[in-house]
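In the block that follows, a single chain appears as structure tokens, in the form predicted on its own.
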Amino acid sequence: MLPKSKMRVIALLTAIATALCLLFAAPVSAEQKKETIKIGGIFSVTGPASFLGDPEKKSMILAIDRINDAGGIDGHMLKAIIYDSEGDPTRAVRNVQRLITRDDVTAIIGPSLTPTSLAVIPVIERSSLPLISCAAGNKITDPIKPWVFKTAQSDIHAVASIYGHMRENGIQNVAIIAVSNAFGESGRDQLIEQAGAFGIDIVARESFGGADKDMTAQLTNIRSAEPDAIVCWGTNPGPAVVAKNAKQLGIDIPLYNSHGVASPRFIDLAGDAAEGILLPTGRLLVAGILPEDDPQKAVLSDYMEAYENRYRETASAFGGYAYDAINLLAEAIKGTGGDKAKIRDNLEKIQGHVGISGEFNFSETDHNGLAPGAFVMVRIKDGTWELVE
């Protein structure tokens, strides 16, 4: 056992050492990184809509990594916490609740689909935190919900693009076939509502289930109505089945699709039946043939190069929805310290943000922020996309 005098010396030296550690540690603590801002993601990463959710998840991670590599936002690093809804509204709601109550996120990106987005909105509104949906349904932001925004182009503008092209080509009598879910209903409603303004007569209306594998009966009914063209409104795989069945029945009139199939996946699913199909889409699909002075061209090229170099797969407009959402959110976070209400207010003030889906100009009365010019019309030709002038 040590003498008491030596024990006192050891105790004194220990106290001095501890004090010195605290003294020198204080400046380091002051220089520590600011608190991380956690951003939630809800995407259909697996399941029938994985062609949407998988690139959205990857694009969210890519965007956050690029922001962090550049120093974060006001010194704050961003952290992604992402869950898979599998395209199921109940699972989406459960995961949003988890992000809010357990993960304490500052904002949420997604969901991928209109039905899942509509399902989570009541939870978002009660919780008062910003959500930027990656789905297209007009009802997501119309009427305005204070905490809800979206980056996918609106059904309103998609329908106007289709009908504008029809009017230019003398098409008047039109048949509609739409998927029986919120996305299909939103598109169908717009197709009916806008028809009169473009001189369009709806001569047949049919629907199909998201998992249906044969639409021969519906297309037979449509053929008997003798339309000049057909509009199919849905997301894969249903529209690919419609295309194949129409070809099998020898229906030789223009077939238009919604922007919900604007990805190479649709061409893969429809095969030869995709040839000649027309649809509105953002500019990503035709980025390589855009004029050099197009405001989006540089942004699109940068995103495509970064995405394809990282993931070794082709970038899609759907991934662009999440990429835009993160960059819009990053802009809104500046100067807020992560305060949710201030972020919401800043989102609503964003003007002139050139993204993958178009130029965003949010306001108190517009939480989508995109104009009709965000769309171009394309035709599928020889297994790829052709810009329709």
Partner chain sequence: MQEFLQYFFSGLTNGAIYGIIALGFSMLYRSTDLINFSHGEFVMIGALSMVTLTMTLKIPVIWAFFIVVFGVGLLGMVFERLAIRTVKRPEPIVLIIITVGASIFLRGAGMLVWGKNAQSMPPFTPHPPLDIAGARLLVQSIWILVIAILIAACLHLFYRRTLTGKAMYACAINKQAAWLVGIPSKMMILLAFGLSTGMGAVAGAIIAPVTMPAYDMGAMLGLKGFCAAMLGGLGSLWGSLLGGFLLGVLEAMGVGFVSSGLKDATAFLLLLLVLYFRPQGIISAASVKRF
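The term rigid core refers to the most C-alpha atoms you can superpose between the two forms while keeping them within 1.5 Å. Numbering follows the first chain given and starts at 1. Quantities reported herein were computed from a predicted structural model and do not represent experimental measurements.
Note that the form predicted in complex with its partner chain isn't included here; everything after this is about it.
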property: Residue (of S301, S127, S207, T314) lying close to its partner chain in the predicted complex, criterion heavy atoms within 4.5 Å; result: S207
property: Heavy atom within 4.5 Å of its partner chain in the predicted complex - residue from G250, P291, P143, G170; result: G250
property: Complete contact of Q351, H353 and T365 with its partner chain in the predicted complex (any heavy atom, 4.5 Å); result: no
property: One stretch from 274-282, 260-268, 192-200, 301-309 that, in the predicted complex, holds residues within 4.5 Å of its partner chain by heavy atom; result: 260-268
property: Its partner chain contact at R98 in the predicted complex, heavy atom, 4.5 Å; result: no
property: Proximity of S224 to its partner chain in the predicted complex, heavy atoms at 4.5 Å; result: yes
property: Distance check, D214 to its partner chain in the predicted complex, heavy atom within 4.5 Å; result: yes
property: G137, heavy atom within 4.5 angstroms of its partner chain in the predicted complex; result: no
property: Within 4.5 Å of its partner chain in the predicted complex: residues from 146-172 (heavy atom criterion); result: none
property: Y307: Cα shift of 2 Å or greater between this form and the one not shown (core-aligned); result: no
property: Threshold 2 Å Cα movement between this form and the one not shown at L249, rigid core reference; result: yes
